[in-house]
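Single chain ahead, by itself, as structure tokens, in the form predicted alone.
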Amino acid sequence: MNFVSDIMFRVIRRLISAESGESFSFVPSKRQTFPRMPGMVDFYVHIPYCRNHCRWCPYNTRPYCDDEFPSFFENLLSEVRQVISAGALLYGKSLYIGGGTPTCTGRFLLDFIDCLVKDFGSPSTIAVETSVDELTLDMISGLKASGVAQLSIGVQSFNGKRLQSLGRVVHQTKATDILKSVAHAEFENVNVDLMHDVQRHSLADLGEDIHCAADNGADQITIYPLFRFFTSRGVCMPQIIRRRRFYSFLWNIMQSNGYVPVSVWSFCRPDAIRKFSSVQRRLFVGLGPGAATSLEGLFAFNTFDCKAWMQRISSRLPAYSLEMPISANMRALYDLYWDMYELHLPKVVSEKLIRNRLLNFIAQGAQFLGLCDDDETLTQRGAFWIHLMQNQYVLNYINKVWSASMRTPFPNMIRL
């Protein structure tokens, strides 16, 4: 984000939020105890290990090292017990396990899930991220036996040359065969992640990958344009005209294949039991290095450094490195953002929002301009503008916070 656009967004942010710049700052955490948890709450578990690190991946990852798995999962269970002692209840809520590639830890992951369910009760659903080469037949049956209901498979592309151009290791296993095996196991939802390099790949290439995912049993398909994080210019994004063509093509081809939009990037079969999502949870507890926690008055990140995280948890201390206090107004803004990300723009926004009159006026204007239907659902045009807002605003925030967190285990204050 250049200087002019940065100033512009700060002005717009202040106008819409009525919050000062101080409200959008992460400060170093000084907590010696876990905050009081609100009872039943969603759990997000971050397992950073990955056999191959894609050069475009912004997530907190760590090279595969099976010697570390015993101590890592021992500390992960300890962190679970600590948040349970602080009042968190997993029973009846969702458990999402991301990374990294959690399934590369093999039996350790399955034992961890079994232990959680046995000791703390069954979640309403268990979702796990994985990749093509990690989904052996034994792993598929193991996940199913452990109660995993939703899988997200990082395919990125079914074409070897496109995978190579993305900097991704070419699948050793045929992705279509894996999808057929997973479909046969009858999970509630199988999501296929695809990555499209708008600069290098054609829309025909994208269509080929979408058809391949649809024809091989994907309940949901999530497609991202390629962004490059941690560059000298911030997040490197494709030109807006190319993104507009990409998004229009994406929206139309997904609907022609019988999928309906459920978020800015995701499209689901109408008969899927439930949609798959890693981000559309409002209150959740984050476990593992780099995981985020979102509670009523608090947003916090665990330290991204695996060794520092283990040391904190072994000492029975929270592993938070950064915190942001969240006011009722900020929480309402957060919820409104995720409403729009899920393609819903309410005609009447929450009264908790200080600028509710202005935001109601904007919502009415969006409907007048055809960005939103009468039933408060964003149209293709509206979804594209949310996509742009996320690109220019949220992704740059992620770039700033995560790059600082990867440089040092406990960063100084970060102003967004």
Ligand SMILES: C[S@@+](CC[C@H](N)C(=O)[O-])C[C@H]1O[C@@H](n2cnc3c(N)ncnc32)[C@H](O)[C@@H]1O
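Here the structure is a predicted model, which means the values were calculated and not measured. Residue numbers here begin at 1 and follow the sequence given.
Another form, the form predicted in complex with this ligand, is not on view; read the next lines as being about it.
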Spot the stretch among 105-113, 220-228, 67-75, 283-291 with residues whose non-hydrogen atoms come within 4.5 Å of this ligand in the predicted complex.
220-228
Looking at H201, R312, K93, R168, which has any heavy atom no more than 4.5 Å from this ligand in the predicted complex?
R168
Considering this ligand in the predicted complex, which of E342, D305, D209, D193 comes within 4.5 Å of it through any heavy atom?
D193
Taking heavy atoms only, is M40 within 4.5 angstroms of this ligand in the predicted complex?
no
is_contact(C57, this ligand) in the predicted complex, heavy atom dist at most 4.5 Å:
yes
Is S321 close to this ligand in the predicted complex, meaning a heavy atom pair under 4.5 Å apart or at it?
no
Contact between Q150 and this ligand in the predicted complex at 4.5 Å, heavy atoms?
no
Using a 4.5 Å cut-off on heavy atoms, what residues in 120-136 are near this ligand in the predicted complex?
E129, T130, S131
